[in-house]
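Listed next as structure tokens is one chain, alone, in the form predicted alone.
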């Protein structure tokens, strides 16, 4: 297997100078901050206001893509575990429709009490899938937007522990979290977005006379679909279904290209459902 490519993001920091390097998120709090936090707000006044803010149209429609795929491959009588659930918006939308889903993450998130008040049937547990399998086995496990944070060793551990958390014949629904590693994604992330941000930095300097800090953040790792599938096979999985969604997200990361793309365009997401053998 060829070496996985590191995935970087670039942005400006008006409070610092020079070039700044930020490592990959190493704990729950780092990642929570990177995701914008999980604190309660006015959206928690009702179920409708919650879903209007944190489900419909959220992240350029990504969650609707998730929901479409999940409903195709989950059954309401299945006992389902969600790994790295975050704010749990996708899971709560399904729970409201009768699906049996237990959410999990490394820590209890800030808005847990407000979520439990709004959705009394909501179940949550603390668990790090890299530390070992669950104490019980599930019919299905879903994992959305997580594995890009794992190096090769952690990815293999993830698949092994998920496999041991599933009943025989159980299945994993996995989002690869970003477009596959290929020439186009390389040109967008490692060339275009980097130099676009440097250009924006220069323009702001010319306009204000102040040179902002240029931040290079190690966001995660990029892989091809084939590399992910091959690693999963080492833990006994076989690919059952595979779908691609929305092909404009990577372009919408650009300040310039985002203006040229319709607001309702949805980014590319790759979903996989795998069966434990």
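Predicted model, so just to flag it, every value in this text is computed and none were measured. Numbering follows the first chain given and starts at 1.
Below: the form predicted together with a small molecule, not depicted.
Engineer: Counting only heavy atoms and a 4.5 Å cutoff, which of 115 to 123, 183 to 191, 68 to 76, 137 to 145 contacts the small molecule in the model of the complex?
Structural biologist: That would be stretch 137 to 145.
Engineer: Can all three of 86, 127 and 130 be found with a heavy atom no more than 4.5 Å from the small molecule in the model of the complex?
Structural biologist: Yes: 86, 127 and 130 each sit within 4.5 Å of the small molecule in the model of the complex.
Engineer: Among the candidate residues 28, 251, 44, 245, which is the single one with a non-hydrogen atom no more than 4.5 Å from the small molecule in the model of the complex?
Structural biologist: Looking at the other structure, the residue within range turns out to be 28.
Engineer: Mark residue 93 yes when one of its heavy atoms lies within 4.5 Å of a heavy atom of the small molecule in the model of the complex, and no otherwise.
Structural biologist: No, residue 93 sits far enough from the small molecule in the model of the complex that none of its heavy atoms falls within 4.5 Å.
Engineer: Wondering, does residue 51 line up within 4.5 Å of the small molecule in the model of the complex on heavy atoms?
Structural biologist: Judged by the heavy-atom cut-off of 4.5 Å, residue 51 is well away from the small molecule in the model of the complex.
Engineer: Taking the small molecule as it sits in the model of the complex, is residue 159 near enough to touch it, meaning that at least one heavy atom pair lies within 4.5 angstroms?
Structural biologist: Residue 159: no contact with the small molecule in the model of the complex.
Engineer: I'd like to check something about residue 63: if you look in the model of the complex, is any of its heavy atoms closer than or equal to 4.5 Å to a heavy atom of the small molecule?
Structural biologist: Close contact exists here: in the model of the complex, residue 63 approaches the small molecule to within 4.5 Å, heavy atoms only.
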